[in-house]
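Consider the single chain below, provided in structure tokens and representing the form predicted on its own.
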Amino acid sequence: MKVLILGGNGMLGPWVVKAMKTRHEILLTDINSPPKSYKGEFMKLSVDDVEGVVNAAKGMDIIVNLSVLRPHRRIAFEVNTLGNYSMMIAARENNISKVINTGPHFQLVGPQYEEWDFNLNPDMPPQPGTRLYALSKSLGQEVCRVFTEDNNIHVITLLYYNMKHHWDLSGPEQENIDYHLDMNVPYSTTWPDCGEAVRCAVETPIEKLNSRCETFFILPELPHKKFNSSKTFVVLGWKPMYKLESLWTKSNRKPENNNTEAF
């Protein structure tokens, strides 16, 4: 299939490309140039450029939106919210029947759900709260949902949280953080598995979807059962390679120096 990737040069993009490059034709777009190691097609494009996204989507089978911007109030809405509007307009104008949206888990599971400790699932009513990142991404997801009501477009939204390298749980975004000391809810997914989830979503037939707008948690099955990812396993067929067991077993936890002598 021919796949248009929006915002493909961020942290997730390279893993998505790696998962799909031998299986699909990719047109990568971003406001920044790709690394020299990337050998495929590339177009410099901002996701809030509606006309540009429509033109880039010509001849494509699927659109994948990986774009994100967190801290800037105006630009966050232009990327996180208007970006989805651009994607949906492009899908409608080019008769594309499936798009893949991505975002953080808390654009659905926000502050009102944070104290819940069992069976949070992707079909719950969204409660993003008032944080800029979560709210702007949640509004973008709502834009997608509204478009599916009157158009033959199927939207798969993948919600992530706390991506890590299986060999380095500090992660590339925050160095020297020991999550084992305070991370009571280790809902983490490795970067390769994150990329594979997008590939699974791209290749899932729309006939397997219960509606034209479906949301999925991209989280391994965890022993505390706070998050329920069973829908992802069944519908998308995603099987994570890594579960990061050391996060919940705390096998790498640093010993506390409490000066207590052992008996």
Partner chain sequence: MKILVTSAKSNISKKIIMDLKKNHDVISTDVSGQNNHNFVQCQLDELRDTDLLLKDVDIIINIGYDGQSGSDKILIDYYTRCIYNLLWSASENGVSRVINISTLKLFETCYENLAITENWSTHPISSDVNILCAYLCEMVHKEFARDKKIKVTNIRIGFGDSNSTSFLSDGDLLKYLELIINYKQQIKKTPYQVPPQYWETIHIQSKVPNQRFITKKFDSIFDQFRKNKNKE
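Every value quoted in this text rests on a predicted model; they were computed, and no experiment measured them. Positions refer to the first chain, counted from 1.
Although it is not shown, the form predicted in complex with its partner chain is what the next lines describe.
**Student:** Give a yes or no on whether each residue among 130, 138 and 146 has a heavy atom within 4.5 Å of its partner chain in the model of the complex.
**Tutor:** So, yes: the whole triplet contacts its partner chain.
**Student:** Among 187-195, 80-88, 157-165, 97-105, which stretch sits within 4.5 Å of its partner chain in the model of the complex, heavy atoms only?
**Tutor:** Careful reading of the contacts points to 80-88.
**Student:** Could you confirm whether residue 122 comes within 4.5 Å of its partner chain in the model of the complex, counting heavy atoms only?
**Tutor:** Result no; residue 122 lies far from its partner chain in the model of the complex.
**Student:** Just to confirm, residue 115 within 4.5 Å of its partner chain in the model of the complex by heavy atoms?
**Tutor:** Contact with its partner chain, no.
**Student:** Using a 4.5 Å heavy atom cut-off, state whether residue 142 contacts its partner chain in the model of the complex.
**Tutor:** Output for residue 142 is yes: heavy atoms within 4.5 Å of its partner chain.
**Student:** Check residue 151 for me: does it contact its partner chain in the model of the complex (non-hydrogen atoms, 4.5 angstroms)?
**Tutor:** Contact check for residue 151: yes, within 4.5 Å of its partner chain in the model of the complex.
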